[in-house]
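Below you'll find only one chain, the form predicted alone, shown as structure tokens.
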């Protein structure tokens, strides 16, 4: 049981980072990006191809992060422009349709051009004993990176002027505009950040298990489940839900089977929504 819980924490940290990128974009601009998993997959593929070109792993991973951020910027400058001209439910619906179409296009191209490729970063080193359980070095490094990312996000949104500006737009877009904050610029920065977070998930996940080109939609579905359970627009809720669902998924996979783990996650999400419709840490509007 201890081993399953530790594996669940490793997975849950990655779930939290994945959901944070989705919930930031939704909280700031009312946009749900259904191509988010594809951004992660493309970032991982760029890292793989860069390594195959002879670049060491760390610089290649940094190039993968840049690719994720660049994809977020491309989305902002292209398919999301008509979305920004809508408001309320119309904006959410149009973002769902356009990003879903983009996801199918990206997924189709990747499956045609790189059908059997996948990023698998092997971290060498002796296993580390944690609470009497031997953990692979890849899991330890991946967890360390995600914890650092969580700390950086907390510092960014809590203590920097940029973070306060983003939070003000989330809370009151018109009010923030009146005090000189450009909501469109904040949205662009958040889309770049969400692309980087997607890339981080792909890279850290590949230290534990391969991330192939077919993983896009599954990553998006997992991110949406965690986002809904944590509360749309709530970053702390995303990380809390990520840990809870990561542990549930790991324990279920160990004792029931991986083929039922997604169903169990969906049931857990449904129960959470019934008990608390706004999510674990969501705020009722």
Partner chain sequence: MALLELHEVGKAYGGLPAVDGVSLGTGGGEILALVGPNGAGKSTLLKLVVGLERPNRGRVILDGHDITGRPPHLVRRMGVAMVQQTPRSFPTMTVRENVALGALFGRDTPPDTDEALEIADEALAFVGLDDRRHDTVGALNLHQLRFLELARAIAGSPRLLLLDEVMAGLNDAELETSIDIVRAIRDRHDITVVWVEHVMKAVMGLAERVVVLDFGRILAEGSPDQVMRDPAVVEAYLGKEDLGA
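Computed from a predicted model, the values in this text were never measured in an experiment. Numbering follows the first chain given and starts at 1.
Quick note: we don't show the form predicted in complex with its partner chain, though the next part is all about it.
- Shown alone here, residue 165 lies within 4.5 Å of its partner chain in the predicted complex, counting heavy atoms only.
- In the predicted complex, none of the heavy atoms of residue 143 sits within 4.5 Å of a heavy atom of its partner chain.
- Mapping the unseen interface onto this chain, residue 176 counts among the residues with a heavy atom inside 4.5 Å of its partner chain in the predicted complex.
- In the predicted complex, at least one heavy atom of residue 172 sits within 4.5 Å of its partner chain.
- Note on the partner interface in the predicted complex: the residue among 181, 130, 156, 137 having a heavy atom within 4.5 angstroms of its partner chain is 181.
- The stretch that touches its partner chain in the predicted complex, counting heavy atoms within 4.5 Å, is 157 to 165, out of 143 to 151, 201 to 209, 157 to 165, 120 to 128.
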